[in-house]
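Just the one chain here, laid out as structure tokens, in the form predicted alone.
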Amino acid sequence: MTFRVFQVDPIDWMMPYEYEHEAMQKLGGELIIGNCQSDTDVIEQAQGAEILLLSWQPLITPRAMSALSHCRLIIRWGVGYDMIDADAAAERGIAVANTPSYCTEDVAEHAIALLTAGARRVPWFQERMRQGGWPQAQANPIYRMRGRTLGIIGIGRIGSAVAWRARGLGLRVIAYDKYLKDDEVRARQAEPVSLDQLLAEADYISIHVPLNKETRHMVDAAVLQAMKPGALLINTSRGPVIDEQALIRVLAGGHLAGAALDVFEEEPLAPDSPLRQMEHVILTPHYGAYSVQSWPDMRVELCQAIADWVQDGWSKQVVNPWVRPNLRPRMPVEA
């Protein structure tokens, strides 16, 4: 055994992690499945591990990073890594990585599904049909999608996959991404615009940004009010990107035609959340990334990141690459 990998918060349906055990053995390493409920548990159980795997819980705190002297890499099962302080990790010589591409197609498909369902009022009709009614469309105008405008905020892997699909539906696609040049946005199937222009012109807005200090509540009351009256808001990124209470107020006031949300500020969504009772609000339980194919793809992508790390001393999936010159040295594994 040349290295040790520790799974902090195992997911029941993935147990007993046979694929990962076999992959680590082929690389000459060992996978240990933990059962952590706190960062103290992580410190006690993950001693000697060079690589920590995190499913969801924010248990790998700066305190735990400091206490685990062997730790050199933390990998998040998923795209978002907001539950790991990547800056604090870098300060301690620890790299942080994710699995960035396993669910690109799935989230893009889900965003388009939410868009079309909201634009065509599908859930509203279904609910009334199940109640025995025969609802009239005239009560809630439906506009032909072809020729209307989709605004994408954040046109990375998923945002560009949404843009490609939306163009196939005949939508005009505009995008705002502060980190990309105009030519890069055009190459991703969208017309580059400012945020103000996007808010003013988009009939549908789909959000595809990571959650960090900069994007938390970036869609606040002012942004919501600046949206085109009657627009539909779609979010498959992270819940806290939107100020949820501000969204509830704006929806209640009738400024927007509706919202389609796969993610929420607090998950699971509270049973008494006003969002559950609002017409023209579509809710799904943070499952945009799921498909029969996506989860196996994630396991392959994560194990490949570990293989690259072991063989090359680095992985292209590291999200805090500035740590590289100060990366902790590898320590011998204790028997």
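Note that this is a predicted model, so its numbers are computed, not measured. Start at 1 and count along the sequence shown; that's the residue number.
As for the form predicted in complex with a small molecule, it is not shown, yet the points below apply to it.
Taken together, the three residues P240, P274 and L283 all stay farther than 4.5 Å from the small molecule in the predicted complex, as judged by their closest heavy atom.
Only one segment in the set 251 to 259, 127 to 135, 212 to 220, 198 to 206 has any non-hydrogen atom within 4.5 angstroms of the small molecule in the predicted complex, and it is 212 to 220. For G29, no non-hydrogen atom is located within 4.5 Å of the small molecule in the predicted complex, even though that partner is not displayed. Using a 4.5 Å cutoff between non-hydrogen atoms, R157 counts as a contact of the small molecule in the predicted complex. Looking at P100, you'd find a heavy atom of it within 4.5 angstroms of the small molecule in the predicted complex.
None of the heavy atoms of W77 is located within 4.5 Å of the small molecule in the predicted complex.
Proximity to the small molecule in the predicted complex, taken as a non-hydrogen atom within 4.5 angstroms, holds for one residue of L180, A89, L232, L247, which is L180.
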